[in-house]
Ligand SMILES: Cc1ncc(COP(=O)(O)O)c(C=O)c1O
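A single chain comes next, written as structure tokens; it is the form predicted alone.
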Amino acid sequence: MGEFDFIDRSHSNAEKHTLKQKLFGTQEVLPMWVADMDIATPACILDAVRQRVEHPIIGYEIMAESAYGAQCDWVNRHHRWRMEREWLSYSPSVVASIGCAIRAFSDEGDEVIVQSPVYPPFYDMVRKNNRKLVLNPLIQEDSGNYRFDVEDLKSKITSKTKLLLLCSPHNPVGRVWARDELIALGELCVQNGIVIISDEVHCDIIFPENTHVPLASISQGISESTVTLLGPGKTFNMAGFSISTVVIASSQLRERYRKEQHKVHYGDGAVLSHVAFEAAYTHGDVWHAGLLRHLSANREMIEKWCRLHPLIGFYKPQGTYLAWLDCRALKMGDRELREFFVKEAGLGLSAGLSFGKEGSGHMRLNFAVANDVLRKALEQLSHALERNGYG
């Protein structure tokens, strides 16, 4: 079996399978929604975990300095950003880090800017922490490309605006933000005393014609105003290890964050997660290169399919393994569109509306699957379109 061949997870407790009935009302869908990969976690990670399990005690352990060092080396190799060890701390998840940062750098009633459409927990963390959600929607150009609306952002900043949540690369639209775009956004935030929480967990899934620029790497000023969220979960399909890092260059922001962090007692994570984390960043380069080739082939497959089915618009993602399908030409309401994908195509995708009202008429498809699985999904969608007069 090849590294990126089909693996049946239907008899495991995989979220995408166990929640099919709840989310889609049926078991008879091919689940391509939640953002993990139906691809084997790299052997170098599994081997390291097996070796550690040979020790008969799995107790409390702290994260090894060499593990943090491995991540620093990886980021420098792949993204040309020299992080300092003292900037890094453990977190069980990026979403937990967002919530912690919101509490650390704002008070109840303060304003937090979110650039819609975007990953749904961005909205949830603002609302659940009793902050005021301020939307700064992305602009979608005629080409399908998205960009920041800096003028709209300027008009919405007030004395109560304390934070901006940035998704970089962007989930769900797949943009890899260019340096000049990030400079404009970052400098505006610095000028207005706004802390940027930059979710960069997809930063290693970048297609060859693009380059991920860590926001905090751009300038000293932007670095001092940025909280960067990183982790190996997306890159190496190891979300189940529940480990990520928070990177804060500013000693002042770092102290405020860690005070809030101590209130919820994250601790230092679990020993097997530490081992997996270090193995991924130390030994994962070759596997990662193969993954990008595999995902590129799947991206090309979707693009070719969409050329033959022009009612489904597709702007090739520059990063992530998520396809943002524009289905507005089908002229269906959002509920009707979701039911079409479930009942007619047999596909369990993420509804675009769940990412904000700007996602209306879209569906998000996770293409981090075996080539044959994606081919099957597209065939099912082709047949559904033909049966319903869209062929």
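Start at 1 and count along the sequence shown; that's the residue number. Quick caveat, the model's predicted, so the values are computed rather than measured.
What comes next is about the form predicted in complex with the named molecule, which is not displayed.
inquiry  = Looking at 198, 235, 171, 273 here, can you tell me which has any non-hydrogen atom within 4.5 angstroms of the named molecule in the predicted complex?
reply    = Contact residue from the list: 171.
message = Looking at 101, 291, 185, 94 here, can you tell me which has any non-hydrogen atom within 4.5 angstroms of the named molecule in the predicted complex?
response = Of the listed residues, the single hit is 94.
query = Is there a non-hydrogen atom of residue 167 within 4.5 angstroms of a non-hydrogen atom of the named molecule in the predicted complex?
reply = Contact check for residue 167: yes, within 4.5 Å of the named molecule in the predicted complex.
task = Indicate whether residue 351 is a 4.5 Å heavy atom neighbour of the named molecule in the predicted complex.
result = Flag for residue 351 set to no.
inquiry  = Within 4.5 Å, heavy atoms only: does residue 48 come near the named molecule in the predicted complex?
reply    = Residue 48: no, not in contact with the named molecule in the predicted complex.
Touches the named molecule in the predicted complex: residue 325 (any heavy atom, 4.5 Å) = Residue 325: no contact with the named molecule in the predicted complex.
message = At 4.5 Å between heavy atoms, only one of the stretches 308 to 316, 128 to 136, 154 to 162, 198 to 206 reaches the named molecule in the predicted complex; which one is it?
response = Result of the contact check: 198 to 206.
Partner contacts in the predicted complex for 34 to 59 (non-hydrogen atom within 4.5 angstroms of the named molecule) = Sequence-ordered list has one entry, 35.
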